[in-house]
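This document opens with one chain alone, in structure tokens, the form predicted alone.
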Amino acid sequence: MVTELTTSGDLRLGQELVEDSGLRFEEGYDNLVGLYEGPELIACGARAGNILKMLALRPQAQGGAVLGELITELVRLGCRAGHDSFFVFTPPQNAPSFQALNFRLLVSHPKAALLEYGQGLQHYLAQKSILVRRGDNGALIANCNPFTLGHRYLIERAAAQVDSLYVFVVREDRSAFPFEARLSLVEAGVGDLGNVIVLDSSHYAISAVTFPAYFLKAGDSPTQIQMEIDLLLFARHLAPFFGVRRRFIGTEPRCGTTHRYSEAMKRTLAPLGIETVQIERKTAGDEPISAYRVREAMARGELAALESLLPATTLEYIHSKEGRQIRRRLAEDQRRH
């Protein structure tokens, strides 16, 4: 019977099994479950949000029903926590084992495969079908933490180059500004642009924060692989559905991660018929306008500096009760660091 591993002895055995399987044990999970055969832990797996990971089986447990039992228990716990679809990142050679358990292969990459359990992607696209427009369309994916005049400039310039521009706001709530606020601020900030459609990315914009790297080999770059899987997921599923032929991104001369992402975008999307278009960032005071710059000013209480960085709709939110709470949290974080 699969049970949750909670005692210090259980956790030690779980870590040993994961590492004996050639994997890395990653902290930051919601549940760790396992299956014992007598005193020996022969299988274990973990759930972090809607991601299943660290699935490890002793040789005697492989090739039978044990993997399915682990998945069943992790899905049960995940459903109880409010999730309705689940993802697995695994070496590509392991994908058939998950497909046999009703996982759908979303992306195959030389270093990793991404599979989904449940009808999440189909449901997401069905819900968004009313937003599909014919024509030469473009897309832009952004966190907007918060929405700035830089975002407005980038969206306005991109929208002028296509029939319709889809702006996907990253749903993952690991930002200073909560998702619902970020989405609302983008909608308010571009409401006058008739060919711009704002929507959430749901689970289909993969973050480096949640990408599990436990199965990668030494020398593999988790960040690079995460970027490429994220781009392949967009190119193979979102872009065809929305008729997207161009993906827009702003320049970021001082951010190495953004530079690497833009290079990965060109390399990954071009063979799939999607052009990458970079747009020069809008500046204020000889510096690019960025959400990071906004949050730094908020943390220091320099609210006057925000006038040249933010549209009126975002400024209004920052002066609201919710905005004051965010300012206090940013200031506290800055003091701690």
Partner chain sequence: MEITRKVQAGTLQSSDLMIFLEPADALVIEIESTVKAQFEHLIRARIEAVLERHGVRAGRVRITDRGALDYAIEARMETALKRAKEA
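The shown structure was predicted, so the numbers you read here are calculated from the model rather than taken from an experiment. Numbering follows the first chain given and starts at 1.
Below, we turn to the form predicted together with its partner chain, even though it does not appear here.
- Contact with its partner chain in the predicted complex holds for none of 93, 223 and 226, as no heavy atom of theirs lies within 4.5 Å.
- Partner proximity in the predicted complex, defined as non-hydrogen atoms within 4.5 angstroms of its partner chain, places exactly one of 81 to 89, 180 to 188, 214 to 222, 139 to 147 at the interface: 81 to 89.
- Between the options 154, 170, 238, 71, the residue in contact with its partner chain in the predicted complex by a heavy atom within 4.5 angstroms is 71.
- Checked against its partner chain in the predicted complex, the residues 134, 123, 174, 267 give one hit for a heavy atom within 4.5 Å, which is 123.
- Using a 4.5 angstroms threshold between heavy atoms, residue 129 stays clear of its partner chain in the predicted complex.
- The closest heavy atom approach of residue 101 to its partner chain in the predicted complex falls within 4.5 Å.
- Contact annotation: residue 76 falls within 4.5 Å of its partner chain in the predicted complex, judged by heavy atom distances.
- Interface membership of residue 65, defined by any non-hydrogen atom within 4.5 Å of its partner chain in the predicted complex, is confirmed.
- The partner is not shown here, but in the predicted complex the stretch 115 to 137 reaches within 4.5 angstroms of its partner chain through a heavy atom at 117, 118, 119, 122, 123.
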